[in-house]
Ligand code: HEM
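To begin, one chain is listed below as structure tokens, in the form predicted on its own.
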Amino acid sequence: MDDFLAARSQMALSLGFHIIYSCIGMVMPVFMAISHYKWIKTQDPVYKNITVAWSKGVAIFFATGAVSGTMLSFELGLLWPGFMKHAGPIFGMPFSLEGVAFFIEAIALGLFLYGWNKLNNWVHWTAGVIVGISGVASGILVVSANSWMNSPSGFDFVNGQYVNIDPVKAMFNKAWFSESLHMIIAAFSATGFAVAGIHALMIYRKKNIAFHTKAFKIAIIFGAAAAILQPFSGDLSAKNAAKRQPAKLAAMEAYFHTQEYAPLVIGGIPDTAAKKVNYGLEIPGLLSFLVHDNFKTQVNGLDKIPVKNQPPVAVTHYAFQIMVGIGVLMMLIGIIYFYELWKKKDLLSKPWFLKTFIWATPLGFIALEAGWTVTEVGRQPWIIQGVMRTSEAVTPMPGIQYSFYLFSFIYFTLSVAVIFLLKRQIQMVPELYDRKTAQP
């Protein structure tokens, strides 16, 4: 493994783990605040027990997210000094603001965890709400920084120099809204389905039915609603990619030849040598319609992009197909849930219904990882779209593969610890949380 590949692999590994920790850490406080609100309004002890149980999960993911996020911030400087040298002054503002949001979140979480029976109920609840708001704000700010890499703005690139720097314009670049919206909805969808799936499993096993039923309903309302909204935000993101990253769009669709009535390809195996897609289902004109709202309008293919500027087609296409396929499946499950809810059917007594959500537990995070693969691999060979190549940003220091091995060990160890702690929390629900006076 050469140093360039090792650096990219380490960054991919770090982002792959951190995105899961951060999404759960961002969304779970919202669920926690909803449950806490229901307890304050109804005085139903089950809601307090759910709030206490979920707060322990929030603490676990806050800690792991802080560790993995800190490691990522060091990696940016250590692995990509050429990038940070020039990009730091331009897109540093959202990272700085994310640090502020993180500290606010940490203070509010401390107040929430240790405020039981000490703070006024509404003050205590407000602390939990601030945890949720800060977490969502952190997510938006980080995605804003990433969107700048896809749609760079806020500077002029003159004779190899970055001049006329405007950090505010860089932060609010033309891609920040669509990408932030898509990411936040994805986080709620993935976390909602995962949490609902775990509680559905406990209901299916007939353990602590009242506790898990109320928890399931809170999680799935958010998860199902987000899954239904996700395709609309995805359409907005794809339209933005078509304007600002045509090579990424062409790779996503494995679209080799520029033409009118551009077809949308579902599935298939890209053959980059022959410049075609084998075994795919083509729908004539649909890509033109999705990109331009017109079935006839021409869409530029990979033949308009110099080979040296094209991203890896197969990886981008497969990841995009996985993301869209899972997204559509989750949307259908969400629609079924709301339809059954509207019909006022006793859903949680039906094994098929519970099994559906049990099997759907990991789907959101698989789609999330696939989506980030599309975002990052689809931008290659650029680290700053059209300005700086990834190969120009990598550190000249040798031996990066050993750092990759070390970080791999750390992340897998951290994940094992998280799984162990979460499993123990779930197993201890009967003893700690499913009773009249759960101890915070």
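Residue numbers run from 1 along the displayed sequence. Bear in mind the structure is a predicted one, so any value in this text is a computation, not a measurement.
What comes next is about the form predicted in complex with ligand HEM, which does not appear here.
Q: Would you confirm whether the three residues Ala66, Val143 and Thr390 all fall within 4.5 Å of ligand HEM in the model of the complex, going by non-hydrogen atoms?
A: All three within 4.5 Å in the model of the complex.
Q: Since the chain is shown here on its own, which stretch among 364-372, 204-212, 276-284, 256-264 would lie within 4.5 Å of ligand HEM in the model of the complex, judged by heavy atoms?
A: Residues of 364-372 come within 4.5 Å of the partner.
Q: Between the options Ile400, Val377, Leu414, Ile34, which residue brings a heavy atom to within 4.5 Å of ligand HEM in the model of the complex?
A: For this set of options, the contacting one is Val377.
Q: Heavy atom within 4.5 Å of ligand HEM in the model of the complex: which of Leu76, Met171, Leu111, Ala225 fits that? Just give me the one.
A: Spelling it out, the residue with a heavy atom inside the cut-off is Leu76.
Q: Closest heavy atom of Leu332 to ligand HEM in the model of the complex, within 4.5 Å or not?
A: No, Leu332 sits far enough from ligand HEM in the model of the complex that none of its heavy atoms falls within 4.5 Å.
Q: Is Leu341 part of the interface with ligand HEM in the model of the complex - any heavy atom within 4.5 Å?
A: Leu341: no contact with ligand HEM in the model of the complex.
Q: Taking 4.5 angstroms as the cut-off for heavy atoms, does Ile165 touch ligand HEM in the model of the complex?
A: Outside the cut-off, so no.
Q: Residue-level contact is defined here as any heavy atom of the residue lying within 4.5 Å of ligand HEM in the model of the complex; does Ile50 satisfy this criterion?
A: Contact with ligand HEM, no.
Q: Can you tell me which bits of 45-83 touch ligand HEM in the model of the complex, meaning any heavy atom within 4.5 Å?
A: Heavy-atom contacts within 4.5 Å come from Phe61, Phe62, Gly65, Ala66, Gly69, Thr70, Leu72, Ser73, Leu76, Trp80, Phe83.
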